[in-house]
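As structure tokens, one chain now follows by itself in the form predicted alone.
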Amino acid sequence: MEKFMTLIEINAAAEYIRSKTSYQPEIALILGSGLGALADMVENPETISYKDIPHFPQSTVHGHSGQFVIGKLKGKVVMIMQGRVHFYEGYSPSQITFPIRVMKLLGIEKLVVTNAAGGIKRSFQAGELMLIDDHINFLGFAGNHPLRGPNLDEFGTRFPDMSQAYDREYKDKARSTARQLGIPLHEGVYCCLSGPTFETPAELRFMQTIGVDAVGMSTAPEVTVARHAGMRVLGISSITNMASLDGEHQASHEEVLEYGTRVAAHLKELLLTLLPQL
């Protein structure tokens, strides 16, 4: 039976975190595969392991540390998720997005979400960044929508608008900051699939046909629930491998982690310069 997280469970997790930190975070950051190093720059950090938080889903993927890091970064009090959970790990969409609702109850109204993604657009190269302009949530299309089940009116309406899933002002700031820093920043549509397999060439050609620029296994459910709760969202993908539309190149998680580490320097510089502007 599908697990729908309740307000009581969300409250319990938020209260536990509140009791373990002296900070009041204002911005949350979710760090994808190979991108966890940004958390090392947090000043006077307080760490909370997911395994200690009531009802909190546990990350099982290599490259995802499985903890919150809370502290100051560029003058902002941030709450960083080092690692997330995914649908392919066996969690329900409600469990995947549980952390977002916990963040909302902690008073966080701004979310920066990152991920490792496969590049589909031919002008992209592995090791580059893509500003997420919009997304296609195939998980939701297939019925595995994160807002399926009882609506929690405390967070938002039953039928939320998603016409501006990614905040326009934040996107403008990201573009101008990237130009200022001389960091190449592509823009495009991110597509969320369930995983854990990488895509077949036929699937990739289909996605290319419908306007997908990068593909991954996360982000869209989290952004959907954040927008349901009225949070402002900025999304950036690290293009960690180029999807093989002809089947000549075999993708691997090791490659994703390797390129995630390579692109981390640019992503770190971009986010550190952006944070004070959010």
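Everything quoted here is computed from the prediction, not taken from an experiment. When you see a residue number, it is the position in the sequence shown, counting from 1.
In what follows, reference is made to the form predicted together with hypoxanthine, a form of this protein that is not presented.
Using a 4.5 angstroms heavy atom cutoff to hypoxanthine in the predicted complex, none of Glu128, Ile236 and Val263 count as contacting. Between the options Val102, Leu111, Ile132, Ala117, the residue in contact with hypoxanthine in the predicted complex by a heavy atom within 4.5 angstroms is Ala117. Of the residues given (Phe198, Tyr166, Phe87, Phe98), Phe198 alone sits with a heavy atom within 4.5 Å of hypoxanthine in the predicted complex. Only one segment in the set 65-73, 41-49, 215-223, 22-30 has residues whose heavy atoms sit within 4.5 Å of hypoxanthine in the predicted complex; it is 215-223. In the predicted complex, hypoxanthine sits within 4.5 Å of a heavy atom belonging to Asn241.
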